[in-house]
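The chain that follows stands alone, in the form predicted on its own, written as structure tokens.
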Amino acid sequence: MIKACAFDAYGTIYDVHSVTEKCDQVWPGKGAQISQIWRLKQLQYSWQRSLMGNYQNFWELTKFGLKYALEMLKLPHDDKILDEVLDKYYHLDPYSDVTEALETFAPRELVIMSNGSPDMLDKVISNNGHYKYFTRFISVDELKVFKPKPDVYALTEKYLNVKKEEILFVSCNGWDAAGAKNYGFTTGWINRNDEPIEKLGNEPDFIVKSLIELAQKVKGL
């Protein structure tokens, strides 16, 4: 029985590549390229800093990921431009099915479980009017280490106070779904881009194309 649902934020609820339009406004024709490199480095830095035991919050890593992308592409920038573009992370677009899906997942308790720093999560959730759906957001900042460290997923179990197998963890990131499954959660992978399953020793319980498809699959469980 699924008693609660925990959602990754970036890429699952909120489209990280909705920064592309803003990047194109500042650096015409380069938006998609910037966005791809930016996201890759943002994630790489989280894993690398966890392994080094050298934590910086996700906002800082997001900023450094953007700076790396711009330097790699040799694009001009200064602190003012960086702040202007980074502000989009407080206003990321939600995926089109988010509202319908969250209403379908209810009345189970719903939470966000994210690498995002508390300020980042507060602003993007608030700016999209989603606070009414979630009882809390849980940030790795509490532990100063990033997913897929098992201790991070344990935070979710602690706050929800239900058995881990009764928690459905939802992510669009295959590595995140694998980390949650490794911890013992029931997992739903939103595989929007028809990617292969990560070779990490386990498979998600549900593999779907969209949040609403997953919500409908687990509605009676």
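The first residue of the sequence shown is number 1, and the count goes up from there. None of the values given here were measured: they were computed from a predicted structure.
FYI, the form predicted in complex with another copy of the chain isn't displayed, but the following is about it.
None of K149, K88, K123, K144 but one reaches within 4.5 angstroms of another copy of the chain in the model of the complex through a heavy atom, and that residue is K149. When contacts are defined as a non-hydrogen atom within 4.5 Å, none of G11, D119 and V208 contacts another copy of the chain in the model of the complex. Contact annotation for S50: at least one heavy atom lies within 4.5 Å of another copy of the chain in the model of the complex.
In the model of the complex, at least one heavy atom of G179 sits within 4.5 Å of a heavy atom of another copy of the chain. Among residues of the shown chain, P28 is not one whose heavy atoms approach another copy of the chain to within 4.5 Å in the model of the complex.
For the chain shown alone, F64 is a contact residue for another copy of the chain in the model of the complex, at least one non-hydrogen atom being within 4.5 angstroms. Of the candidate stretches 70 to 78, 135 to 143, 109 to 117, 89 to 97, only 70 to 78 has residues with heavy atoms within 4.5 Å of another copy of the chain in the model of the complex.
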